[in-house]
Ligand SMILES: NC(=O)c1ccc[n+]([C@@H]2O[C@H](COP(=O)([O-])OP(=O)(O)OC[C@H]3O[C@@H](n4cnc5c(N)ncnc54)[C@H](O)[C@@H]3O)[C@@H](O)[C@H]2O)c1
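Okay, here we've got a single chain as structure tokens, the form predicted alone, with questions on binding and movement later.
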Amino acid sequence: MAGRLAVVGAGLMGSGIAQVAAQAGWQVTLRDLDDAATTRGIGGIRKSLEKFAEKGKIEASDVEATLARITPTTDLEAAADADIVVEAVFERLEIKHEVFRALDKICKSDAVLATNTSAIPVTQIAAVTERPEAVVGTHFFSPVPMMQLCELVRGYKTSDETLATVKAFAEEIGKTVVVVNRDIAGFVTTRLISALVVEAVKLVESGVVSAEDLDTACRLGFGHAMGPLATTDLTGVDVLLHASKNIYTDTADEKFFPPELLQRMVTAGDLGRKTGKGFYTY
């Protein structure tokens, strides 16, 4: 099936999606707003591939071969010949709307327009296009080269054909898919982790338990690979705050309302691993 993929956004998620697709033989265009962002993205991909080669998971020759299939660009018009476009920009509806309005005009008529959103309803994103049937959620997990899951999300008008196309794509690049049949805010995985994180933060905030002990309880009691607060630090405290706010806005369900501690941490810049401090110090 390997074809042409355009990824919009060269951050951690976008570059990870570009990497796994290129490893599977896809020709990939990786677009961001400036050269510094695309250079960072390509640098991250190189580092990731070299780690895989060191561990013997890929051949040393695969590093350059994979990178050769990725073309960095700052021009959104480069998505014009893509079979599938995956948007991986910041988790704000107005930013995603801007991207999808432009893609709707640029992309060929049979292209699939996918969003890597983790919490915004796909129907809301698709509404600004003339082709909502071709818009679908492909929620990958971070770090993309390591995480096996891809949550596929059907918008209100997403066609069966569009869903089948992205399912085949995700499976071809090595992912196991789950299908979310109705695009409620937060879908399945973000909804579950947000509810867990909100409750976990409340318990820590009110002095019931330390962050370390709470995570230990979830790891050893429930068999979680990581506790919810360590997961929040990995994903980004700001990302979890935005996700829970998005779900709360959509549902008015109090269990998703972000606790004060989460909001204070973001204001103070303690965003988790990416800033060196979150619920833990790195």
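Note that this is a predicted model, so its numbers are computed, not measured. Quick note: we count residues from 1 along the sequence shown, nothing fancier.
Just so you know, the form predicted in complex with the named molecule exists too; it's not on screen, but the next bit is about it.
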Non-hydrogen atom within 4.5 Å of the named molecule in the model of the complex for each of 11, 32 and 96 = yes
80, 89, 163, 203: which sits within 4.5 Å of the named molecule in the model of the complex by any heavy atom?
-> 89
Give a yes or no for residue 158: in the model of the complex, does one of its heavy atoms lie within 4.5 Å of a heavy atom belonging to the named molecule?
-> no
The named molecule contact at residue 210 in the model of the complex, heavy atom, 4.5 Å = no
Contact test in the model of the complex: residue 118 vs the named molecule, heavy atoms, 4.5 Å = yes
Though only this chain appears here, would residue 71 touch the named molecule in the model of the complex if you measure heavy atom gaps against 4.5 Å?
-> no
Which of these stretches, 252-260, 48-56, 32-40, 210-218, has heavy atoms within 4.5 Å of the named molecule in the model of the complex?
-> 32-40
In the model of the complex, which residues of 124-144 put a heavy atom within 4.5 Å of the named molecule?
-> 139, 140, 142
